[in-house]
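There is one chain below, alone, in structure tokens, taken in the form predicted alone.
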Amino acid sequence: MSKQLNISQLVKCYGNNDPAVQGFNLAVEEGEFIVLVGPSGCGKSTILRSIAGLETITSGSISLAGKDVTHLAPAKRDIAMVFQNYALYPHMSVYENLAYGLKNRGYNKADIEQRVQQAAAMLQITDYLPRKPKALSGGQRQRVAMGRAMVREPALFLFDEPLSNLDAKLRAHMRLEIKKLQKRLGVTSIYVTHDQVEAMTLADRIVVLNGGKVEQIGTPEEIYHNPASHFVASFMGTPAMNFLPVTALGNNVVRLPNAQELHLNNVPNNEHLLIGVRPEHIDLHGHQVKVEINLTEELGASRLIHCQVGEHPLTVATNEPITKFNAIAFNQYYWFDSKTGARLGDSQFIEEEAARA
């Protein structure tokens, strides 16, 4: 039986407040890894808790493996969830925490032993199996919480920012381990985070949320290279996309914030026009746009150069040696409506020779 997850027109309201989630739709293929990403308060954790049955939804439906689970109790949904705040049993050892769900489901001792030891080795917590949660650090407790979900091999994994309490090195390691585990088991997974690096590295598809609504659903490549809105373009990417307000003068000519006039491709006829340029899509050898350099950040293999165009900041990302420059060119850029946030037209690419002309 398919383990596909289908969410249709999910709405969640708290009292008389505006909906925390508004008409959310998502169809997840069996074995897919979906990441819900967005700022605090965007509705991503509410959606996750609704899937788990921990929130009673206001309207809509949720089905898993062809079965309507909208009104089922959490324990009957064949879902394992990893919480941000661990949710471990304090009176049980780590081993007992990992084994508890398996015992309740009638697994024999040999199967329990195998699954617990395998998960413990993967999560580097074998030495902690005899300990109680109070004897562990926050990062160790979170790994135990993840192991408790992993050993069950459920129809659906739900992850609620499980790596937020880990240090940077372990977080990077655990991202890889989660992805490897998910691919090995082939379990459909929904992962919530505000960390775009986690979203980009883990997801088969990303759901970008803002204010309880979906801004865009797509692969990491689609989200990054073809953002559907100003919000998506500004939220996804480190460092963030540059935005400059420009005035369309007609005949594909715009006026920049420094009063410079510039000829660009397919300039929309729009009164609220923004040009968006990712820091890595800026050519230091171009002569299109005059800039003033404020600061350079050395990052080892690469560097960020913080500039200004008029009063507006602009960041350049490059791995080239720093040379003096006072003008740059845009190798790729996007158009947005600053009032509605809508993307206008396709992204524009400039050939290298044209950019240097």
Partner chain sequence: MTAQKQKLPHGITPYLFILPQLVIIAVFFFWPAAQAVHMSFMLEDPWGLASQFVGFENYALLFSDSSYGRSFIFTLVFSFLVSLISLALALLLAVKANSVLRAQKSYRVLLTWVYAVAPAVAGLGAYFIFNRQIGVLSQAFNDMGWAFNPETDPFDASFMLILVAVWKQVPVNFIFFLAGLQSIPKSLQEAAQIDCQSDSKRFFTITFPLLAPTSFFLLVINLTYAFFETFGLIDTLTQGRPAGATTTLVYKVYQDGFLGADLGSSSAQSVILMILVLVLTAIQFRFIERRVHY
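Numbering follows the first chain given and starts at 1. If you're wondering where the values come from, they're calculated on a predicted model, not measured in any experiment.
A second form of this protein, the form predicted together with its partner chain, is not displayed here; the remarks below concern that form.
**Student:** Just to confirm, with a 4.5 Å cut-off on non-hydrogen atoms, which of Val246, Val207, Met81, Ala203 contacts its partner chain in the model of the complex?
**Tutor:** Exactly one residue meets the criterion: Met81.
**Student:** Could you check which residue among Gly138, Gly186, Pro74, Gly250 gets a heavy atom within 4.5 Å of its partner chain in the model of the complex?
**Tutor:** Of Gly138, Gly186, Pro74, Gly250, the residue with a heavy atom within 4.5 Å of its partner chain in the model of the complex is Pro74.
**Student:** Can you check 277-285, 122-130, 224-232, 96-104 and let me know which stretch has heavy atoms within 4.5 Å of its partner chain in the model of the complex?
**Tutor:** Correct option: 96-104.
**Student:** Please run the contact check for Pro90 against its partner chain in the model of the complex: heavy atoms, 4.5 angstroms, yes or no?
**Tutor:** Yes, Pro90 lies within 4.5 Å of its partner chain in the model of the complex.
**Student:** Test of understanding: in the model of the complex, would Asn85 fall inside 4.5 Å of its partner chain by heavy atoms?
**Tutor:** Contact check for Asn85: yes, within 4.5 Å of its partner chain in the model of the complex.
**Student:** Taking any heavy atom pair closer than or equal to 4.5 Å as contact, tell me whether Lys134 reaches its partner chain in the model of the complex.
**Tutor:** Judged by the heavy-atom cut-off of 4.5 Å, Lys134 is in contact with its partner chain in the model of the complex.
**Student:** Since only the chain is shown here, I'm wondering whether Leu26 would be in contact with its partner chain in the model of the complex (any heavy atom pair within 4.5 Å).
**Tutor:** No, Leu26 stays farther than 4.5 Å from its partner chain in the model of the complex.
**Student:** In the model of the complex, does every one of Arg49, Leu54 and Arg148 come within 4.5 Å of its partner chain, counting any heavy atom?
**Tutor:** Yes, the whole candidate spot contacts its partner chain.
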